[in-house]
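Coming up is one lone chain in structure tokens, specifically the form predicted alone.
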Amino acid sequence: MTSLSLAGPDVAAAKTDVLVVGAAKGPKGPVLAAGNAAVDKAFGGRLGRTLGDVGFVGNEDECVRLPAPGDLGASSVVVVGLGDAGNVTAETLRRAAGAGVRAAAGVRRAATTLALHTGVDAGAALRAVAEGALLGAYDFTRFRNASLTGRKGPVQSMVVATNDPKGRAATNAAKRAETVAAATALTRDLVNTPPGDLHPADLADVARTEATKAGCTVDVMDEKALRKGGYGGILGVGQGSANPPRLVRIGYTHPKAKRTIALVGKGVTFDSGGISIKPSASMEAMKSDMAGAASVVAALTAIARLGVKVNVTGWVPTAENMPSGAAIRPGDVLTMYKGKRVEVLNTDAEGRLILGDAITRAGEEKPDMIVDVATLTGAQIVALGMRTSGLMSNDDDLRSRIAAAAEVAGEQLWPMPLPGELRKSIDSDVADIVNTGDRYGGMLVAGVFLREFVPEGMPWAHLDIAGPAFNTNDAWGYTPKGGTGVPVRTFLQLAEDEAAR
């Protein structure tokens, strides 16, 4: 991973390959961000005009690379757009740092003055820029061979300028950014791994290895233990595959903790749709159907490494949804953990089945809240697009706290309702409930289904990350193509917020 260090505000004079600076969109052209007087001076006071001459406006995610004058320590300067000058936020800086680092790919050392921007709280700016730079430097090359030749790798060393580089707040922000980036990279790596190389047992092994290294306890239930325990949802989804399912429990405790969070993540390592098979084009990204599970595993590692004063349990139900002579059929009835019976009308609505078992099991430990996360429905993408997750909850206060955590973390989500009238649509003629309902509002129907497995009176929230978990378009900001790492940062921020309550 790219190394991170801090330096004083005079970083422009330091020897480096690339200097990343920001410029906003002003009424008369690009406006250079604060902290770049020395850079502008090296350009003869004409950097803003030069940017305008090459067509740079200052829009977000806009980048231009210029050769640096001899007065600067850098060989070249990357200027990244910050959008409207009056609307720059911490997330603006986070994305700009990521875009700048991506534009600098192929160099050994880069530095940035973005955290010196005066329109954002200094601490928030430093945290955002450090995170964005490291997140933007991500690269997944495990399965490359010949194509590695001539490929520009990520920046090896990143220097972030700040006014107090040796202060405790700054060093803590840098440490947190490194931890966040490592956890996000773990999630991205898992999501990007081909499904033939990441079966349920493999995902469980990674969870055991990574969480144990971070100081967590890990217990894994194999198919025999699942059968003995009556986990019909997990077993049903996995029974069509040659690769049996697993249920992983990750535990982190802090001696001074007063709150306990249960995180539950969907871990379908490949989703063919089962007997209700998907069109081939809809399967191309289905290696990402375990993104919720990956984010739970990674969030636990970050929370543990930072020693957050909260107890967290992570639950990872993982299975492979495949069609075969042994697969569940439309019309089959599964007996879920603790006895609820579900008629399966669509085997491609499988994520809610494994989550139902895990949510019920998580509730037995009586946490203060349960939060589940899943690439659950195509309806989420229809409703909110590829960048905004859907948030549903049975508790208004919890919904607000998660939304606030996401805003600070820089991950987009939007609160959605759980309409009572949709409950009737999951009534079954032969069992307790069916796994599909009203074709309209499919994201909400899935939430209504999951609510059936939440213990009475337990605050619960559900995040549908179907679009945001996997970027099928070009890279932008600090977000690469492929696995994104959503919502690791939100989970970490939520844990920190709960610890502070």
Ligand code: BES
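Heads up: residue numbers just count along the shown sequence, starting at 1. Predicted model, so just to flag it, every value in this text is computed and none were measured.
The same protein also exists as the form predicted together with the named molecule; that form is not shown, yet it is the one meant from here on.
A.B. asks: Exactly one of D372, E320, D289, D357 has a non-hydrogen atom within 4.5 Å of the named molecule in the predicted bound form; which residue is it?
C.D. replies: Selected residue: D289.
A.B. asks: Note which of I381, A403, M221, V218 lies within 4.5 Å of the named molecule in the predicted bound form, where distance is taken over heavy atoms; exactly one does.
C.D. replies: By the 4.5 Å criterion, the partner-contacting residue is I381.
A.B. asks: Considering the named molecule in the predicted bound form, find the one stretch among 187-195, 79-87, 205-213, 344-352 with heavy atoms no farther than 4.5 Å from it.
C.D. replies: Partner-contacting stretch among the options: 344-352.
A.B. asks: Would E131 count as touching the named molecule in the predicted bound form under a 4.5 Å heavy atom rule?
C.D. replies: Looking in the predicted bound form, residue contacts with the named molecule do not include E131, since no heavy atom lies within 4.5 Å.
A.B. asks: Is there any non-hydrogen atom of T377 lying within 4.5 Å of the named molecule in the predicted bound form?
C.D. replies: T377 belongs to the contact set for the named molecule.
A.B. asks: L463 near the named molecule in the predicted bound form, any heavy atom under 4.5 Å?
C.D. replies: No, no contact at 4.5 Å.
A.B. asks: Please tell me whether any heavy atom belonging to T436 falls inside 4.5 Å of a heavy atom of the named molecule, as the geometry stands in the predicted bound form.
C.D. replies: Flag for T436 set to yes.
A.B. asks: Can you name the residues of 251-286 that have a non-hydrogen atom within 4.5 angstroms of the named molecule in the predicted bound form?
C.D. replies: Result: K266, D271, K278, M286.
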